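Just the one chain here, laid out as structure tokens, in the form predicted alone.
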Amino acid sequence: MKLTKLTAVLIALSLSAGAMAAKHDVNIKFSKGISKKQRKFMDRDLEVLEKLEFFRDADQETLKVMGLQKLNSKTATTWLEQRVAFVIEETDWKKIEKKISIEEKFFSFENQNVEPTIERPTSAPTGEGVVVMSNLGAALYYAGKSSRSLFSYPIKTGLFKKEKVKFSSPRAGLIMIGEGHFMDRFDHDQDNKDAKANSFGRLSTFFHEARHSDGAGKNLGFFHAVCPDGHDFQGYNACDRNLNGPYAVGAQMTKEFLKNCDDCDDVVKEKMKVSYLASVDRIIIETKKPGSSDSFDVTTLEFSLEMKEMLLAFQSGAEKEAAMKEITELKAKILAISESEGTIEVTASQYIDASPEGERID
């Protein structure tokens, strides 16, 4: 796999600092390139998590999604530490690519010949977005596995200190953060930037992104699915086709933070509820697929769909956007005919094994 092709993978996964004294003991290292302001907020968030008293028992659904027996500050921070080792600043992909080294060729990866399921979006992004958070560790592990090479990436964590991340597992735990993670408009409490509720919002995103460090084989990385027709994010890789993926993790942690935020006022709590529901809405409960059909209309539409999907890789701009729209319409027509014929197949989403491939090399 060429590194230049990793943009799609990152979308489907999808945010003199090293010397700063943190007020927490969470074992996650930060790049020196992260701004002091951003590092201050992240240290504050981890301090809030480490000192949070989960005085209300966690929902059974939360424990099932997280794979925990009990939720408290210790189990929550340990869960995060197991999936996140390093956090770096937003960096242009070309710069990242130049710093990647091959530690070992013909490295022995688990499930070497098993490709993860990565769904192709049928809608193109409009306008300019901002980076919130991205799990580079899972993406670079997959890239290395695809080329049968163990990749590594250097991180400057102090004035005279460098660390090296080796991508021997999706649990390598390299997370990139961007300005979107700290935007005021995402704060639950607009009156107090340092409010715990704002830390809870960022932590939920952190837990969401950490889930991408899990999974093996076809479920490697818990890559996002394409949202179905009729969804607010129809055609984008912005949903999950499982019950314990990143959006489920983010939703359940938001719910637990809300339950344990006694100093949050009603306005803040309502915003947290909205955030919870927004994540739940990204979880696809069932998937409908056209069954086998001898219909001439279906055969003709499927042929046209296949050709348009093949040509998509060679298109760009308005032409690609128009083609994506046609693909969505063709799929909807095929599904509608299948429903009318009674041949539609419905698959319920499942809780999938979150055990990761390989082991982190420190």
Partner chain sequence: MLLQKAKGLTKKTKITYLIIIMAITIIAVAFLFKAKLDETNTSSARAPINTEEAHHHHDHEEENHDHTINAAAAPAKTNIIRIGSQGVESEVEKWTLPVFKSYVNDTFKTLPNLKDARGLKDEEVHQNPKLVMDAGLRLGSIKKQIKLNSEFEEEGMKFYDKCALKKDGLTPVRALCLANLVYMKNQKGEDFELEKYPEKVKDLAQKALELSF
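Numbering follows the first chain given and starts at 1. Just so it is clear, the structure is predicted and the values come from calculations on it, not from any experiment.
Just so it is clear, the following notes concern the form predicted together with the partner chain, a form of the same protein that is not shown.
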| field | Candidate from Lys156, Lys218, Lys193, Arg120 lying within 4.5 Å of the partner chain in the model of the complex - any heavy atom | value | Arg120
| query | Leu243, Ala238, Leu71, Leu80: which sits within 4.5 Å of the partner chain in the model of the complex by any heavy atom? | reply | Ala238
| field | Check all three, Arg171, Ser293 and Ala332, heavy atom within 4.5 Å of the partner chain in the model of the complex | value | no
| query | Looking at the partner-bound form in the model of the complex, is His231 within 4.5 Å of the partner chain by any heavy atom? | reply | yes
| message | Is it the case that Ser146, even though its partner is missing from this view, gets within 4.5 Å of the partner chain in the model of the complex, heavy atoms only? | response | yes
| Is Val114 close enough to touch the partner chain in the model of the complex, meaning at least one heavy atom pair within 4.5 Å? | no
| Glu286 within 4.5 Å of the partner chain in the model of the complex, heavy atoms | no
| query | Picking from 106 to 114, 158 to 166, 71 to 79, 276 to 284, which part of the chain touches the partner chain in the model of the complex when contact means heavy atoms within 4.5 Å? | reply | 276 to 284
| If you look in the model of the complex, which residues in 335 to 349 sit within 4.5 Å of the partner chain (heavy atoms)? | none
